[in-house]
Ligand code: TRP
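Taking the form predicted alone, here's one chain by itself in structure tokens.
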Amino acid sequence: MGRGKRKYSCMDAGADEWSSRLGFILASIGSAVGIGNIWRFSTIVGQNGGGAYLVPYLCAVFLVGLPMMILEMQTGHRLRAQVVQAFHRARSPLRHAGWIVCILVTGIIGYYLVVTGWTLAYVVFSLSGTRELFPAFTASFAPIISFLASAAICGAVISFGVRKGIERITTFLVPAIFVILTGMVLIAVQLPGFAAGVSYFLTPDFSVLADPLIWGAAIGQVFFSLSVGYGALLTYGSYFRSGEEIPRSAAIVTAADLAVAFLAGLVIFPIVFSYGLEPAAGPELAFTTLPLAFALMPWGDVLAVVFFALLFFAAISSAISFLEVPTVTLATMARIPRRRAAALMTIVVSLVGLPAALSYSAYPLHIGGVPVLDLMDEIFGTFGLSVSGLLIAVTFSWFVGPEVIWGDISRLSLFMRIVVPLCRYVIPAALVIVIVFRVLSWFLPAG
């Protein structure tokens, strides 16, 4: 490991610790469970043939996602460091890789807050009884206002610190997500298209296992859904006291993440099949297609409020964890109070995300005919997240002694003896393949 004369600690800037293991788990679930589990997961499933996508997805979760989550949490805990510090301690020159991760996460949070703002706006519309169609919504300046409001909410939560801010809000949000989803499943069971929707969603198709595009989509969704590769769980791990519990905690977070994704599928696909909607509708499913279905359903107005509250709770809990990464980095490296760092980073992400917010507004900002938000999703959310994950996996599996991250290897459980080589070999190889395919897709004609 690289040795620098200057000692840093993620506690230097006034950061505190989780009050308990439960607080750590709930916050980590809040980070992992986002709109990627509800809106994006259902979209990807629909676009990849329903149950045909589930086998690659579940393989990717257990071979890539869970081991990567354990690696991030364990690294943060063992090094007691935020992202840049952790890379610095691996090898001093690698601190630059840590800054790359922070820059990529800042780009992701910039456009992620735009979509978070959409969910917030639709909560307001639903509460007021307004059925706002997405084209009309994006033809106004409301997306910009809701984006800035979401950024302000995240910044405010982060400014209160780990226990009083992040832990307190996720202790409310995470149980609320599960309560809302369970209630919506009970309603979906009564719909006429429930059986058809469940059949489409859960019937596997093993013939697609030879399709590399399905595997690439599955790995990309796993990183997006589990919030691995962002450095957020590494940061959260640095606030956790009992490292021996990290593998078990990561397994609980992964199980909760999968539960939300599958419960969301049991809600969305029965609605889709009950009202003759298109399961492969894409991103417009949540903001255009489903609101039309709610308008036709008994108690549709109430369901609309509940559904968009669910989306907003999931989105904001993840957004908070993403914003924590650059905020605690700035607070620690610049040695400034957390609240000042939170305010500065809120301004930064607002400026970064503003072009994305404008691209779906009354002032449609496009580059080459493509909305800026879509470009940022491709650059930061798809390509950049894979690069970030690769940097984390390679650095802490190859440039840090295994005893530093994992402790006494000879005393590891059988499960952890499988996890370690997965982190060293399988995850980097999978991410290299995903990155290569993504780059090739930019230059090769579609189809």
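Keep in mind that what you see is a predicted model, and the values were worked out from it rather than measured. Note that residue numbering begins at 1 and tracks the sequence as displayed.
Keep in mind the form predicted in complex with this ligand is missing from the figure; the text below concerns it.
For Ile70, no non-hydrogen atom is located within 4.5 Å of this ligand in the predicted complex, even though that partner is not displayed. For the chain shown alone, Gly34 is a contact residue for this ligand in the predicted complex, at least one non-hydrogen atom being within 4.5 angstroms.
Not displayed here, this ligand is kept clear of Thr329 by more than 4.5 Å at the level of heavy atoms in the predicted complex. This ligand in the predicted complex comes within 4.5 Å of no heavy atom belonging to Trp118. This chain is displayed without this ligand, yet in the predicted complex the stretch 217-225 from 290-298, 165-173, 133-141, 217-225 comes within 4.5 Å of it by heavy atoms. Checked against this ligand in the predicted complex, the residues Ala232, Ala81, Met376, Ile158 give one hit for a heavy atom within 4.5 Å, which is Ala232.
The single contact residue among Phe312, Phe201, Phe240, Phe322, judged by any heavy atom lying within 4.5 Å of this ligand in the predicted complex, is Phe322.
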